[in-house]
Structures are given as structure tokens and as C-alpha cells.
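Each of two forms of one protein chain follows alone as C-alpha cells, named structure 1 and structure 2.
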Structure 1
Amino acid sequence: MESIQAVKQRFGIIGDDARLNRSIEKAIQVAPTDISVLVTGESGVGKESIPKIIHSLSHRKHGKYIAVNCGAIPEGTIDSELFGHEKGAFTGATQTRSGYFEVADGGTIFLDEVGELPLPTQVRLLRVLENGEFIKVGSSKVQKSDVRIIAATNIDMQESIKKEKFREDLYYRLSTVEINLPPLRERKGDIHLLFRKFASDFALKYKMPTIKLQDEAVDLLQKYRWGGNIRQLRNIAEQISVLEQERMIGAERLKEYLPNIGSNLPAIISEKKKESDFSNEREILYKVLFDMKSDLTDLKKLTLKLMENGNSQEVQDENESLIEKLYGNDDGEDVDSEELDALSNENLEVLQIPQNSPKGENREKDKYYFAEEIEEEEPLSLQDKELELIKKSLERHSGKRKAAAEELGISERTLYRKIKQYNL
């Protein structure tokens, strides 16, 4: 069995952090077996190195090693990429194609960003893990494949399972052994080593002197959060190597290359803020709805009073504040009786709705009743007055319903219903 140091040299891994060493040790120990491995860690920590170590130290090292970025393949074609397809299986399938599981038979498949797999593909993958069987898209023939699967993800799999975006049974089949790589900010002793290695590589690549950091700059480098981890560190080392004329870099100059240098807040804070904002918006919406319901109840009560008392001045005086609340009174002027007459006429049609029997009893289709807050039967005096107004209006306009409806302040359809109701 190779030593940790020998593996580091072979695969170009820089650092002497205890957690990093433990991860490499686990990879060396699990390599001779065929069990599935799940590599976890933030984006940019170098998860792709672990599958290569496992494959190269396993008995499958002479077989194919295929790395698949699950997040980069469209959902509609990922099944075809992984398991292959038959000719004519879908539009554009002009010939039979072998998938990665067929091509890598006897080797290793590395599924990077496995948490991005769609649920139907997860079901197919689970079957491969359980019994090594798969079916091509558009085929009914079961095929066998002897493939070792190593997966990697940078998302919280337990959270994804709770949200039903990832199958729990598949997670436990993939994570027989889980190897976690620590983020760069937790490997402070390795940060300067990595920077020096990158600076040396870029000096050779671009044929220029190697850049170096002053003590203050080294201290700043180690205190920085490194959200992008090793990938971000490498990118900054390359920028400085190319852009800076002076090869000794101080802290002030280094700050120019470190984004958000004053912020060390984790990204989860923004998620909590989003949840809090949503909760506040929901409370405001509930309050608006309750206020609207209250206003509607007041409107119905006021309209009923106006109809029962013939829009008397007494009703207007008693409900002055309510009238201003419901209908507005921006200029501070009293609402006159003509406006209330028009409003009450409009509300006649709003408040009269069909009443369907809850027990299924048959009622006359054209008979209408007031809403539940209002008494079911209209007062007799109101019916008589309404009947008299309708008759007079029809007489004045020679039976023309449209003209009569305009004069009464109601729709022609409502007038037609009233004519039928009173058998005019």
C-alpha cells in the first residue's frame, strides 16, 4: 500500500493538514475494494483528485475511468448519456449509442455533482448499484455492467433528501464510504504553500520571475475566507503573476485582488434573510385580506340600512364615518344623497346573487336572494317601491328596457330579471 506522501507527490496534492491527510488515507484504504464512495466538500476543494487516487490504486486501474459532470448534461439527454439509447428511441436518435455504463464496463465512473441528477435518472442509477443492471433508452433488453461508481457533491445531501430532490435509498448506496475534503479556510497552514506552488508554476508558464509575498500579505492571505477555495486561490495567483510588475507583493496590493475583503459572513445569512422577508410579506398580505373582509361586511350592512330606510338623512348622519371609510372623502366634503342613491342602486345588483339549495332542492332559476348577512326576504315596502319605480320607468320609455335600466341605475340584465320576478 502506497504512503500518503507518495500519493500526494504522484497526484500533485499540496498540503499537510490533518483532515486532508485523513481523507487521502481513507481513499487509499478503500481503493482495493469495489464499494461505492461519496466525496463531499465545497466547490473548488479538489474533490476530483480522490476518484483518480481510488481508481489508480484499485484492481480496475487498467479499465476505463470516465468522469461525468451530472450538472452539465441537460435533463432530457442524461439518461441517454449514461445508459445509451436505441436507434429511433427519440427525435435525433439516428443510430444506436452506447452509454457510459456500457463503455466503462470493468472500470470506474466518477459522477461529479451527483446531487443534480433528476429523480427518474436516480431510479435507474439505484438499479445499477443494486444489481449492475441497466436498460438503454428505447430498449426492453436488460444489460449488465461491472462498474465501480464514485460520486461527488458540494450540496447538503440531507437537506436535499428532506426537500425530496434526492432519493434517500440512493444516498445510502452511494455513501457506503464518505470522504469529506475540508475547505481551504480550515487549512490555514496550507494556504501559503499552495500559493507558492501556483506562483512557481505560472512563473515557468509565462517565463517571468516568481512573485513573492511580504509577511503582512501572507497573514492577510491566511485570514481571508476563500469562498472559492483552491480554485479561487489559483486564479488570484495567476492574476498577480501576469499583472504585477513588482514581484514582491505587499498586503495593500494583495487586497486589490481579494473580493469582499471585509466580509466574512457565511452565505446562509442571506438565506435566512430571504425566509424572514417572505414571512413579513405573508403577514402583511394576511392583514390586507382581513381588512378587506371587514370593509366588505361594513359595506353590506350600510347598504342594507340605506335600502330599508330609503337613503334617509338620518342613516347618513349615523354612519358618516363609515361612509367616508368605504367610499372615500378626500376633500372633506359630505357625500350627498344623490351619490348614495347611485351607490345603493349599483349595490343592488352586487348583493343579489343566486341562492342554490344545499340539499339539492329545485328552485326557480330566475329567483334571487340577498347575501347571507341580509334577511332572505325583502321588506314588503321595498318591493312595492321597487315595483312602482320599474313600472313608471318602463311607461316613460315605452317599454324600452335599455333606457329604463339607465334611468334606474341598474344593468339591463338586472332589469330583465326584475321584470320576470314581478311578472310585468
Structure 2
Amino acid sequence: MESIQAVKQRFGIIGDDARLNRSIEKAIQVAPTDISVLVTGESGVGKESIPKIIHSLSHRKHGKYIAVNCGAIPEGTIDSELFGHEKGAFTGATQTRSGYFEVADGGTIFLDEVGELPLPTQVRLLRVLENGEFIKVGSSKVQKSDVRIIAATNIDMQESIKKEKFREDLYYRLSTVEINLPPLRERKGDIHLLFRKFASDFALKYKMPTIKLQDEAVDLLQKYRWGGNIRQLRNIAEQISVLEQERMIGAERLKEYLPNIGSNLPAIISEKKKESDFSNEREILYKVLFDMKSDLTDLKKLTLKLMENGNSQEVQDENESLIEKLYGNDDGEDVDSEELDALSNENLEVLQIPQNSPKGENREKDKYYFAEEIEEEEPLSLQDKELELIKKSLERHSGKRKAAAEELGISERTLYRKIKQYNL
């Protein structure tokens, strides 16, 4: 059996908290079985690595691993995405399409945000879990699939069951084993470890010296509430890495980056970063240069890819994303059934787990694997502007995503992704 340490190293998991170790140990123990696992824990605690660990240590490791974000798929298309549809099942269903359960036969499906599944889909899911049977939308033929299911949620499932939003029978079926990840504020010893890791990653990425924290700043970091957990810590490490010229960070400077610090730490008075901080000419110039550098890197990547092998579909797809990123896009996609295939690529990820296999093996898998990674590389200033626009629009529409998405001219799903990305 692989050791906890080896697994952590292979999956880039930082930390030595006892509860974290226990969770990883549980994942290692259940991996060889086909038991359904429910991963729970607050937003941003690192739930997504658990299903990857389980899949890659299971006998299904050479089968497919498909991660589906249940919350990001519109209700109208989710059954068809998961179970497929027959030609003519609904307007626009011009051909028969396989769903993830058919595609992942022999592999693993990770149902992220499982609490968001609509009730009719829950019924279908229960059936696959019970006897491996499913039916395509618009079909009457029963099909079989041998899939291991791992689900994750950051919401209180008992509450959902009480409100009749989630079926109790399905909950018990999904959570044969539950793996809970502790919030960051309860892993105090790991906070500085994680910060140092992120600081060194961003120093490499942005080719700048690594930021370091003075002792009082470390103290502050450990006392902070970390509502957005590791995702929030990572974002803050990135912001500081990019924006601060002085690489030794004191507590006062750090405070400027910690939102709601007043309510988090009663003893310290809130001190928000002021607009005028950015009016400093040098900073503006610096930000402009930074954006240009980032664009240049993207252009280089694009050129290199084109020179290498510009013709394959997969490279073309990737290039389109890069071009969109560099020159903007209208992103006005409206989900309709004809676009299901394109849609699929955004909502699922077929995993390439770091195994000792030679690079380039299984190229087929890559095609689902770009959306998240490319987003992470967006230049910071762009992100800032985007974040501000999204925040304002959500405020104007009292948090109603649909109206905000309409105003912003993006699809609801894209908005959902952005909300996740910025931890709003």
C-alpha cells in the first residue's frame, strides 16, 4: 500500500495535520474497493484531490476518470450529459450521444457539487448506483455501466435532505464511506507551510524573488479565519507576490490583503486597501509591464504550438482558447442541445494522473483538460477588472446569477465558473 507521504508528494498535497493525514489514509484504504465515497468539507479545502487519489490507486486506474461539476450544468441538459440521449429525444438532438456513464464504463466518475443535482437526475443516479443500469434520454433500452462513483459537496446534506432537495436514500448510497477534510483554520500548523509553498510557486511563475513573512505576519496568518480556505490562501499569496515590491512582508502590510479582518480578529481594526494605493505611478507602470509580459508569454506559447504541430484538432482547440484570451471573445454562448458536445468539454475533465508513464501516452485524454488550467494563468490586472465587474453586477441584481450573467453578456455557466474561480 502506498504511504501517505508518497501520495502527498505525488498529488502535490501540502500539510501534516493529523486529520488531513487520516483523510488521505482513508482514501488509500478504500481505493482498491468499489465502495462509493462522499468527500465533504468547506469550499476550498482541497476536496478535488481525494477522488484523483482513489482512482489512481484503484484497479480502474487505466480506465477513464471523468470529473463532472454537477452545479455548472443547466438542469435541462444534465440528464443528457450524464446518461446520453437518443437522436430526436428533444429539439436539436440531431444525433445519438453517449453520456458520461457510458463513456466511463470501467472507470471512475467524480460528481463534484453533488448536492446541486436536480431531483429527477437523482432518481437516475440511484438506479445506476444500485444495479449499474441507466437509460438514455428518449430511449427505452436499458444499458449497463460499471462505474465507480465518488461525490463531493460543500453543503450541509442533512439540511438538503430536510428541505427535500436531496433524496435520503441516494445520500446513504453515495456516502458509504465519508471522507471529511478539515477547514484551514483548524489546521493552524499547515497554514505557513502552505503559504511558503504558494509563495515559492508564484515566485517561479512570475520570475520574481520569493516573498517572505515576518514573525508577526505569520502569527496573523495563523489567527485569520480563512473562510475560503486553501483557495483563499493561495489567492492572497499570489496577490502579494505580484503587487508587493518589498519582498519581506510585515503584519501591517499583510492585513491589507485579508478581507473582513475586523470581524475575523476582534482585536485588530479593519484596514482595507485604498484606491489611492494603486494611483502610485510606479505601480501602474509595473502592472502594465506585467500584463504585457503575460501576453507575450501567451503569444510565445501559441507560436511554439503552431510550429510544433498546428494541425491536430486538440492543438487547434487549445490555440483558440489562447487567441480568445489574448484578443478577447464574445463568450455569448447560450447553451442549447446542439452544443452539447462543446459543452461537455467544459464541464468535465478526464484526468491525467501523474503516473510514471511516458509523456504523450494517451493523448486522447488531453482534449478535455484545458479549461481550468488556462483560466489560472490570466493576467492579474484582467482578473481584477473582471472580478470587479462581476461583483458589481451581482450586487446590482442582489446575487441573482441569471440577471447578472445577462447584463455581463456571458452565459450563466461561465458566470458560475468565475464565481468559483474568484471565490465570491
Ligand SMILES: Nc1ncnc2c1ncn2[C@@H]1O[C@H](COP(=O)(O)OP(=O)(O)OP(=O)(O)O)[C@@H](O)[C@H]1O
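These numbers were taken from a predicted model, which means no experiment stands behind them. Residue indices: 1-based, along structure 1. Throughout, rigid core stands for the largest set of C-alpha atoms superposing within 1.5 Å between the two forms.
Taken from the form predicted together with the named molecule, structure 2 is distinct in origin from structure 1. Relative to the superposed rigid core, the position of the CA of E388 differs between structure 1 and structure 2 by 2 Å or more. Fitting the two forms on the rigid core leaves the C-alpha of Y416 displaced by at least 2 angstroms between structure 1 and structure 2. After superposition on the rigid core, displacement of the C-alpha of P32 between structure 1 and structure 2 stays below 2 Å. With the core fitted, the CA of R401 sits 59.7 Å away from its counterpart between structure 1 and structure 2.
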